[in-house]
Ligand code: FAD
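Single chain ahead, by itself, as structure tokens, in the form predicted alone.
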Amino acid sequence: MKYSEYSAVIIGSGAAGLYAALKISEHSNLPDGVLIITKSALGESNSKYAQGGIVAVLHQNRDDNVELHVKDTQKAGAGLSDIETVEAISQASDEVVNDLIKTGVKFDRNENGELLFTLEAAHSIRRILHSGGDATGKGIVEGLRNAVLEDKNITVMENSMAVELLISREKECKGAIVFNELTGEHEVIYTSALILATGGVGQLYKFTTNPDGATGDGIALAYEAGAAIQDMEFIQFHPTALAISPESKERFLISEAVRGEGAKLINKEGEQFMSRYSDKRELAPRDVVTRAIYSEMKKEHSSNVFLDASIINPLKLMNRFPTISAKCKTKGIDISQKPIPVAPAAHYTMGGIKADVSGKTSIKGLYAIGEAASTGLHGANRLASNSLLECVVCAYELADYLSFANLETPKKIDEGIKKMIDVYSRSISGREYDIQALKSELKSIMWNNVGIVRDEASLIHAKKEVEKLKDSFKRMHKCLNRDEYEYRNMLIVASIVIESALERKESRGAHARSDYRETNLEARHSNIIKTEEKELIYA
């Protein structure tokens, strides 16, 4: 089997992965360079589709400060955000955002060249920077992608995905086995710094704002390798995704920033209903707005409610939200005249691979950043636009940590790793699976039973159904193609989400249990680690 060596290997090419590669590349102790592995095209990621913006607690914004941002983050996080993590990320935002600008990322400015700040739900002040109106993720990713392509220290491997981590008997990560979709071959890549920046798990659900690649690959890899996985019961359902028809699975994101600029939620009778659910109305935390919409839909036996943006100045509306306006126009909706049909959709994973701000996980040599990681910043419910900030700050801090590390590639590989490699050298049966049908079945199970509101009966049902799918799929190690590997990973992560949701017998943030409506006095993280007997602990 072919093999290669790199000083640092990054799996994923969203904002976190691209920025980490650039910052790591700046350091001189890289005898073997940096490799980015991405399973599609460079830059294709959840980050690319982020609309609203990025939190920036900048010194020049005199109305804002770290204390205010920390307070807003903790309040939205339903008591589960780690104060030290929140403070560290908020304090770093000025330095990191200004470094992004130097790297080539362009944020929207006024006629005087000053940065424009906007407001989003659950923020007490305007502190959100945006790019291209409502294409912030695309602006950040494109700026970083261009810089990566110009960096001679960085090699890019597209249409490839990591399928197994190489873990030594000493529980150290030594690299990964990678599947090349174009050739159908596997390759061994050795490194002393393996960084998972693979994004979230939205594709576990029938309705999601996430692109097709959000199948939880990094989380599945880390779990199978024995890393601690944290808070996977907390799946954020974005309240407002375009819902043209109940049959259509397309759920294009209608940014929270539209509500930040004054749009109102109305039911099919044209009634503004948010005052019944929160005194903050449309600017309540995402979990509150999502459950309010869910409640209205159930009450009306409807597949959607509506977002009325016609009350916003038409010129401002078109300039601020060109992407949303254009998308709605293709569906016959002039958002300056007609309400937008919206419904909740799976959007973001607060949980993930347990990691600190510099990306360190419970396994030496393995790092996790971005949505694949769970640093404790988001708690039980992410504050809007904190995600892109976490991506770049943690990438920045990881690069700083690795600048002091010995990044020589492993020279000695033990028998355990050799046996793992041997599994991927063997041929497997050509039995065919209808993977698209299997994925669709899994998505329906998760949406119907592990969705916006859960209970023990629905979760136990989901657990049994997912176990049946696992039993019938005979390729939980080596697979034939990318679709099979993605499905394998989705099954692993679905089980983790269900197990975590069953064990959290309370309602907190994005985790709502109809059979345990109260919130416990003590806020605790859940951590699940793969052992012979699956172990779930609270810490």
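From a predicted model like this one, the values you see are computed outputs, not experimental measurements. So that there is no doubt, residue numbering starts at 1 and follows the sequence shown.
The form predicted in complex with this ligand exists for this protein as well; it is not shown, and the discussion that follows is about that form.
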| query | finding |
| --- | --- |
| Among the candidates Val34, Ala510, Ile498, Ile37, the residue which, in the predicted bound form, approaches this ligand to within 4.5 Å (heavy atoms) | Ile37 |
| Position in contact with this ligand when the complex is considered in the predicted bound form, options Thr209, Thr290, Thr375, Asn381, heavy atoms within 4.5 Å | Thr209 |
| Candidate stretches 471-479, 44-52, 490-498, 60-68 - the one whose heavy atoms come within 4.5 Å of this ligand in the predicted bound form | 44-52 |
| Gly12, Gly370 and Asn386 each touching this ligand in the predicted bound form (heavy atom, 4.5 Å) | yes |
| Partner contact for Met161 in the predicted bound form: this ligand, 4.5 angstroms, heavy atom | yes |
| Contact of Asp231 with this ligand in the predicted bound form (heavy atom, 4.5 Å) | no |
| Non-hydrogen atom contact Tyr205 with this ligand in the predicted bound form at 4.5 angstroms | no |
| is_contact(Ala197, this ligand) in the predicted bound form, heavy atom dist at most 4.5 Å | yes |
| Interface residues of 86-108 toward this ligand, as seen in the predicted bound form [heavy atoms, 4.5 Å] | none |
